[in-house]
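Take a look at this single chain in structure tokens; it is the form predicted alone.
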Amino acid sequence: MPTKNLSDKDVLAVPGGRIQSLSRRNFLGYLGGASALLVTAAACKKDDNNNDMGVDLGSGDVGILNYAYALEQIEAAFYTKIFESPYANITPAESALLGDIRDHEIAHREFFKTALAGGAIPTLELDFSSINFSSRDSVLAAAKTFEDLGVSAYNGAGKLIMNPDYLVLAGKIVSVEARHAAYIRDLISNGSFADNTVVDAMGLDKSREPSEVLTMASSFVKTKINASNLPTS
């Protein structure tokens, strides 16, 4: 199934598994009142992105949303790069589904960027030099790392979000990330989609604090990120 790069249109998963192109205005409207609240909250964030401590994610809910935006930047850029030169012998099914994942991550990234408006952090400088994009094993291993990390990041950030509308939004996104993680895991090893490395004996998925997530992601990010103002409880 052919894939294409996205430009001035955002994409969104819709019922039935289809990808629908949306304008930015319609995309924000699709997610309801949460987007308007994001813009209002973001307007209160000071521009602290040019200091020696690195790019400041901010505080409160805006800080957490910028944290999510940073992670979505990494994932969207990674999946986009896969299609610049797909690995050898990629199957049509893999190409189609990895393309769907790419489109979902771009949609998530563009939502946060647009909704945060002037409060959004800048585009991060990334480093994927440790990934061999010509190797299926290397690409899928990196995808597994990013998806498992993303799920645990949203799970860990949930308790830090104060606005219930944002929490609902995060819940919708993490459920999509978990679908991605399950698919990637089964591509690597069939039946590993919910093994005990990610799901505990209580049937709960792994959860990580922002500090741990950002440390784990740091090898892929050249831009220095300052998360010191994020809420911790």
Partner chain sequence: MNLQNIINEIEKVDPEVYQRLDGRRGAMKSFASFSGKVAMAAIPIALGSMFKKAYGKGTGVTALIDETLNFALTLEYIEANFYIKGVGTAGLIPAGPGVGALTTIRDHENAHVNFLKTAITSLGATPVSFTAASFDFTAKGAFADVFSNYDTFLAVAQTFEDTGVRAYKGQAGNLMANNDVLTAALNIHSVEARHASHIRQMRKARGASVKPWITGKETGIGPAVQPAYNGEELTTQANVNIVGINGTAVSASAASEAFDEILTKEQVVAIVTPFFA
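Numbering follows the first chain given and starts at 1. Bear in mind the structure is a predicted one, so any value in this text is a computation, not a measurement.
The form predicted together with the partner chain is left out here; the points below concern that form.
Trainee: So which of 101, 121, 139, 71 reaches within 4.5 angstroms of the partner chain in the model of the complex, heavy atom to heavy atom?
Mentor: The residue in contact is 101.
Trainee: Quick one: of 131, 126, 76, 161, which gets a non-hydrogen atom within 4.5 angstroms of the partner chain in the model of the complex?
Mentor: Residue within 4.5 Å of the partner: 161.
Trainee: Decide whether residue 146 counts as a contact residue for the partner chain in the model of the complex under a heavy atom distance cut-off of 4.5 Å.
Mentor: Contact with the partner chain, no.
Trainee: Going by a heavy atom distance of 4.5 Å, is residue 62 a contact of the partner chain in the model of the complex?
Mentor: Output for residue 62 is no: heavy atoms all beyond 4.5 Å of the partner chain.
Trainee: Are any of the heavy atoms in residue 151 no more than 4.5 Å from a heavy atom of the partner chain in the model of the complex?
Mentor: Yes.
Trainee: Just to confirm, residue 81 within 4.5 Å of the partner chain in the model of the complex by heavy atoms?
Mentor: So residue 81 does not count as contacting the partner chain.
Trainee: For 198-223: residues with a non-hydrogen atom within 4.5 angstroms of the partner chain in the model of the complex?
Mentor: Heavy-atom contacts within 4.5 Å come from 198, 199, 201, 202, 203, 204, 205, 206, 207.
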